[in-house]
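Next up is one chain by itself, shown in structure tokens, the form predicted alone.
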């Protein structure tokens, strides 16, 4: 039996035995879901900023913290709700969703989707203490989602992965660059969905990439359309350390699919969706994912196995 068959048989991601780790019952204010959370470390703690649906169907972002990355306590008030005035209010009126977190130069950069009658754009905010929050700019036009900023500069420039929508090449992963976090350009297509593949319908950036010795490891999501609707799974991609626009490998196999009851059934069934992953040490990646757009789950994967899947069993990045 080959090593890859061993990986597939036992599963690349080891689920935490006490999943789900956060549900709406853990939130001290009224919400209907808890999912799609960005996660980072801050002052020897884990910080999770999670999306929740309200009963009007719109979303806000809450915050929870943990000492071990497993048992989280939710703060008594939401972390980010739609702005009440100004430009941000106009573009956040339908809700704020799916935050990602990147630490650069002592600041935590937070990207999130802003929904309004104009469509969906991505906004950028920043914090140093997860108490005060400063909105910086709306950093995409409509329709963009799933922006993740690399937690390091390259030649003095910030780099991000994003997902614009086009009817010709729908829902692909691009890279863009910025000197100041506000103005972005020099965009390049990096990864497209592959025909009759587990990510055939659409793909998008997932968790903030983590730096390893062999490249930037990025856990992304892919979607396959079935007769019973879409199935959301997770895959892995490896980007060059010095130039993340260079793709070293994209996993042909998925690394995680909906299997547990709370992933198969919920607000949106058959979904595992990540916005956060934390490198526990050089060998272990802890991945956080929303199950069925309803609860938060976590699990771990061996970094070398994920990299091996990208380099030794890849698929063409552009389909």
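Positions refer to the first chain, counted from 1. Just so we're clear, the structure is a prediction, and the values are computed from it rather than from any experiment.
Separately, the form predicted together with a small molecule exists; it is not shown, and the next lines address it.
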* **4.5 Å heavy atom contact, residue 233 and the small molecule in the predicted complex** => no
* Within a 4.5 Å heavy atom cut-off, is residue 250 in contact with the small molecule in the predicted complex? -> no
* Asked: Contact between residue 202 and the small molecule in the predicted complex at 4.5 Å, heavy atoms?
  -> yes
* Would residue 145 count as a contact of the small molecule in the predicted complex, using a 4.5 angstroms cut-off between non-hydrogen atoms? -> yes
* **Residue (of 32, 293, 26, 65) lying close to the small molecule in the predicted complex, criterion heavy atoms within 4.5 Å** => 293
* Can you check 281 to 289, 263 to 271, 65 to 73, 38 to 46 and let me know which stretch has heavy atoms within 4.5 Å of the small molecule in the predicted complex? => 263 to 271
